[in-house]
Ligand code: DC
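Given as structure tokens, the chain that follows is alone and in the form predicted on its own.
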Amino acid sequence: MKAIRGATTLASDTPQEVREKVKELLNAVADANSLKAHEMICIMLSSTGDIHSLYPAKAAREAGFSGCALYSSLEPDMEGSLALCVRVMILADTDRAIKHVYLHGARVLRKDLSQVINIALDGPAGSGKSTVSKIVAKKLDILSLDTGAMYRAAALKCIREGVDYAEKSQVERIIENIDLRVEYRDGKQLTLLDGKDVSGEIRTAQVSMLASYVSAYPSVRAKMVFLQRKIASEVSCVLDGRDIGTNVLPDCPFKFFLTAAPEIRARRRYEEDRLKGSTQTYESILKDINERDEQDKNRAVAPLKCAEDAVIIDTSEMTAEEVAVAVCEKVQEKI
């Protein structure tokens, strides 16, 4: 069982306004969560003391929400609270990821849910940004945009079209008009190519190898950045990389730069690889980390750089969970 919350405000205290806004709110919650009538166990509504014309529970019953228990209560008067506000909590028998809904003036109660927010996580290799991105996204119930999956999808398109990836003009011709979209469903990212889900298909060794070649073309990177910006303008998401805050989303209000000493990052990578059966030594991984740092910092295109307005987090003595909590706290402070 899960609890789904929501709220709305009224334009005036009239029976018709209460009926319209309560119906709109309950339908919006049901639609956003794909709720069926039999999945709703209980609907609990509350209203501020300036609403007298009609009980929200009565409006809910009149709107057709009569197949479950309905409760309505009056909220105590509190200084600074929203005027003419109706809140709802629906207890639902569902295992799906839930979405809370805040409408009209009630959007100010949860700006993180009612407006599109983007979080940029930059940092060197091994700083934990990919893991932290997924944890933050789960905590905030938003998309962790896997930008690598987008390059893989571009590579898959080239394979399907029989493109010679060594021929720049051929690759550019295919990628220029690529039909590539990313959707967030049930808590996970779906990569759609030509309207079909290719989330599994892009994980093959062949696609992985070709993606590294395709992503080297500046025109391909420019196209992917364009698509990433488009996605970020439409849905709330976390993006991690080396130039998200400086290049991809320079106006993003939530920028973070994760860092840690090379030795610590190498130790983390060594432990992760060892669990996977890798025989690579700590010394060779540390060497790779240092070389990668230099390469990323000195790239001609999209170099690793900390944005001037980014919050710097040294993850050396922190777990990924602790870093994610710190990021979420900073985000909540601003919204």
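Quick caveat: nothing in here was measured; it's all calculated off a predicted structure. Heads up: residue numbers just count along the shown sequence, starting at 1.
What comes next is about the form predicted in complex with the named molecule, which does not appear here.
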{"item": "In the model of the complex, the residue from Arg274, His52, Arg299, Lys36 that sits within 4.5 Å of the named molecule by heavy atoms", "value": "Arg299"}
{"item": "Selected contact from Arg265, Lys157, Arg87, Arg242, since only one has a non-hydrogen atom within 4.5 angstroms of the named molecule in the model of the complex", "value": "Arg242"}
{"item": "Check all three, Lys129, Ser212 and Arg221, heavy atom within 4.5 Å of the named molecule in the model of the complex", "value": "yes"}
{"item": "Arg61: touches the named molecule in the model of the complex, heavy atom cutoff 4.5 angstroms", "value": "no"}
{"item": "Close approach of Lys305 to the named molecule in the model of the complex, 4.5 Å, heavy atom", "value": "no"}
{"item": "Partner proximity in the model of the complex: Arg203 to the named molecule, non-hydrogen atom cutoff 4.5 Å", "value": "yes"}
{"item": "Gln189 within 4.5 Å of the named molecule in the model of the complex, heavy atoms", "value": "no"}
{"item": "Per-stretch contact check against the named molecule in the model of the complex, the hit in 158 to 166, 144 to 152, 172 to 180, 252 to 260 (non-hydrogen atom, 4.5 angstroms)", "value": "144 to 152"}
